[in-house]
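Same chain, two forms, each on its own as structure tokens: structure 1, then structure 2.
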Structure 1
Amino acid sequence: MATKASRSAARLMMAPAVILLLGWMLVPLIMTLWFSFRVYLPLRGGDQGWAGFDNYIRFVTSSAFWPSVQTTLIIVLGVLAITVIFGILLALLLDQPMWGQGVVRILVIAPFFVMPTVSALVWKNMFMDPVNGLFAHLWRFFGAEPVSWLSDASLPAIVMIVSWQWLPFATLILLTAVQSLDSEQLEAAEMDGAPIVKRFWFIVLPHLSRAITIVILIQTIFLLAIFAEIFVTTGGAFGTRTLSYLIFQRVLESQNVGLGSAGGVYAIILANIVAIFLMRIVGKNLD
């Protein structure tokens, strides 16, 4: 039914969205690329000329770089492991027949709707405060010495806060996938005497593999960019400076735009490697 006229009308209808996104992508990207090759210190003399690959080399050779890569990896892998494993278990549990299923679902999903600054601050002060936090009370109740979570165990603390925020997302998506599982196949396996572990390993897990992949890819993209959780809890101190936080500090706090932009280019490349895999899966699903 698509005539020539309707085709050009369609193109016109698409134009604003395409042009805006193209501008939003290209303009800052080109600027970041340009700055990354300049000596650019806005507060100390501005743009001081061509730098070649100096910024790129300095960024990866600075003493803060490898620790930040390590921190990023620990946070991303830690949160992924926790949310995927508990997400699967929780999805399987929520799929069972029970009373009040709808309400439980709501309780489990709720953390996803809490704004990041709120969850970070609530965890930091009301739970992890070494004097008045709920964990400190709990530790003292069992006769243990309260832990200064955000300074002595800063990475586990941040992993825990971020996992709490993302567990609902993983659970919800995995639950959607679990619900599409053919129960007859499971029942047949049960009748044949397959133990629960085998049923899980050979039927449930393969069925969930696609959903798990998607959860991992989408979460990785968001987790590489977490900001508010670190901004309000430790401000990057106590070994919690991730790669994105390091770039943020280089650009806005120490106003070394050239160096920060080189870091930004690394971050963009890294995110794109993950994105390519995600796009392949999504693209396949479009056909």
Structure 2
Amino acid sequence: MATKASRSAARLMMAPAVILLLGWMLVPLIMTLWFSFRVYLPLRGGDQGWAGFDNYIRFVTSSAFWPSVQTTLIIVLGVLAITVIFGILLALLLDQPMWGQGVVRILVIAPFFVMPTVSALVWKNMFMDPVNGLFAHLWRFFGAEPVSWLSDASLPAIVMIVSWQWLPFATLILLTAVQSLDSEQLEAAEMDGAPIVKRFWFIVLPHLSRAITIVILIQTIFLLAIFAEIFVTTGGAFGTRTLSYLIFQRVLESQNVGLGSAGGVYAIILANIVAIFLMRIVGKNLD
């Protein structure tokens, strides 16, 4: 039983870590808010005074703002759909007894540990190159014209690259949930004559609902800030400019820190809106 003195000692020992974490989060946020209200041009004299809400108005009224938000949401929804559906299928497959099961699981999970920049470069040069890529050779083998993925099908290509990297994470979480399923329920349903589709729909899928919720929440948080894959593949061209890439262009390419900081605030607001929406819709599974 914890006493008042022990609780006070615990708080005292935790205080440095809590203060450090708060500083780690609050200092960049406060600086972003400060610069968003300033005219700050590093290559043209630095801080040029107070801007008020002009940066916010300029950013949201830009012709690139709403298309970048739309592109971001399309990529997030596409990756979530692929990783959840195929993650469930892979989790069920990996749960079956097979020869070399441990090696297979390691190979399936391995892409998650590859850096986003490296995986995007591999896909760009090894698979999606319209001349020497693996897909190009495959298309020619079947007598079809190779597809220039990163220009003619840029959004599906980005979704494919990001999904390949996040699929192992979804599979790992869902596999853990599948392994915790009570096998007696499935055996009883099988003995009662329930077909495999109904066993999956009424027993397996409800059991996976909490794991699916965790996968959706965690992946959405990271996918809203997708940047590296776009930077090394399309450079934001061909309709692949996300909100985070637009902020990058405003800060580094246009050298307008104030305008980019205002975009960063919009990105924080968008992330919170999406997170609240997801918690309302699917977060009840975490209760």
Partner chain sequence: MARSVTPRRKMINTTAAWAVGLLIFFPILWTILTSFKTEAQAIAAPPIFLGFDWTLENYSVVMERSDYGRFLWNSIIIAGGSTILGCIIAVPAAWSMAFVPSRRTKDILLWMLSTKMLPAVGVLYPIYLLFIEMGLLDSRAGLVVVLMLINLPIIVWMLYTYFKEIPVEILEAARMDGATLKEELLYVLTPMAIPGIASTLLLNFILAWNEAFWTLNLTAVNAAPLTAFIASYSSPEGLFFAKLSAASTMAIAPILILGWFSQKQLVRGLTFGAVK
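These figures come from a predicted structure and were not determined experimentally. Definition used throughout: the rigid core is the maximal C-alpha set that superposes within 1.5 Å between two forms. Counting starts at 1 with the first residue of structure 1 and goes up one by one along its sequence.
As summarised for this chain, the second structure is the form predicted alone, and the first is not. With the core held fixed, residue 274 shows a CA shift of 2 Å or greater between structures 1 and 2.
When the core is overlaid, the C-alpha of residue 11 ends up 4.2 Å from its other position between structures 1 and 2.
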